[in-house]
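One chain comes next, on its own, written as structure tokens: the form predicted alone.
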């Protein structure tokens, strides 16, 4: 089985501008020590995919710092390995005419050189806003078994709240699992099969389709490539019913993070058989003072906890002062909180400082966000 991978790092940046103003969607922190890109990367590596390209757009310095040589995913290789694919701008473009891609199809047009130079027979495509632990070997085997040109991994949604406000793609299939209709999700009542934006495609089919779309001036992947080929190509559907969390807004990021406190969700995402890899950082164990109290929380290493933490996600290097109470909050790396402060439904970006005696509160439906490096 010869497979390469492509990951879109910036496609959904506009969904969560609070966290993507200084980084890509791919490098948004999640679950104490991970970045969102760790999930599609690990899914591919666990499925034996060792050549992976990450398509970037802007603000990708933190992504490059996180990925490094790819050794933490066993992708530091002479042959294959991981490649950062910067945005393509034609050499003849001038400053006023040059623009970066704005759609998935335009992103693929910019990396046709990578696709054409791959010798692998299949390409797996994945976004970074979906958090799941999926066995891609099963998807690829189903793709091959059904002799499909494209296989779309779908999931069932029961309400529009589970879908990005930017829109989603609904896929209707026949009894054999072949797609009969692909269209924009119109947020109707009842269950719907929605694309997870994880796809397996025959490399030559994908390359020819992208080149054809470029020649005709098309710019929408599902509408101009998939929907136009429903009756001319074999578009397969693969239903995924495992844990799937999608980051569609700051509120959904808060909700997706808090769901890690549910053992069923946590054990569904992090398994021994298919671990989620990330950049290793050797930190000292977390220090808990005699007066500290931790309840139903997820705490990383390298922290100093002197106060009370309840139902919260605490990243590496966080300091919680004496008498401080943290509830239902997400504190990103190296947040410093002084003494006798109170936080409820708060999200702090990296390197935030909250001084003594501060009282901050949001709500589950609208968490209070503090930007990177801010002091309160």
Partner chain sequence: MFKKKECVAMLLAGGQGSRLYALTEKTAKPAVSFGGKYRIIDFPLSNCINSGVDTVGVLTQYQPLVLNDYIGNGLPWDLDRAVGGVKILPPYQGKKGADWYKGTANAIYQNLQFIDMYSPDYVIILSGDHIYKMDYNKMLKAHKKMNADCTIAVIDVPIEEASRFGIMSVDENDRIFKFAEKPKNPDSTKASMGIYIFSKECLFKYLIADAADPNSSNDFGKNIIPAMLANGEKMYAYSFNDYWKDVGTIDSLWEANMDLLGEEPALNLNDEAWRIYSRHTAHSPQYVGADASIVNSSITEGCDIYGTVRNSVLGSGVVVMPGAEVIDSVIMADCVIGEGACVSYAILDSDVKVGNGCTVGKSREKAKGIAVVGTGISIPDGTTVEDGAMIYDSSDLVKEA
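Positions refer to the first chain, counted from 1. The structure presented is a predicted model; accordingly, all values stated were derived computationally and were not measured.
Below, we turn to the form predicted in complex with its partner chain, even though it does not appear here.
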With heavy atoms only and a cut-off of 4.5 Å, decide whether residue 284 touches its partner chain in the predicted bound form.
-> yes
Check whether residue 336 has any heavy atom within 4.5 Å of a heavy atom of its partner chain in the predicted bound form, and answer yes or no.
-> no
With heavy atoms only and a cut-off of 4.5 Å, decide whether residue 290 touches its partner chain in the predicted bound form.
-> yes
Is there a heavy atom of residue 297 lying 4.5 Å or less from a heavy atom of its partner chain in the predicted bound form?
-> yes
Exactly one listed stretch (276 to 284, 173 to 181, 246 to 254, 224 to 232) reaches within 4.5 angstroms of its partner chain in the predicted bound form by non-hydrogen atoms, and it is 276 to 284
Tell me, which of 272, 188, 158, 216 has a heavy atom within 4.5 angstroms of its partner chain in the predicted bound form?
-> 272
In this chain shown alone, the residue from 135, 301, 121, 212 with a heavy atom within 4.5 Å of its partner chain in the predicted bound form is 301
Go through 67 to 86 residue by residue and record those having a heavy atom within 4.5 Å of its partner chain in the predicted bound form; state none if no residue qualifies.
-> 71
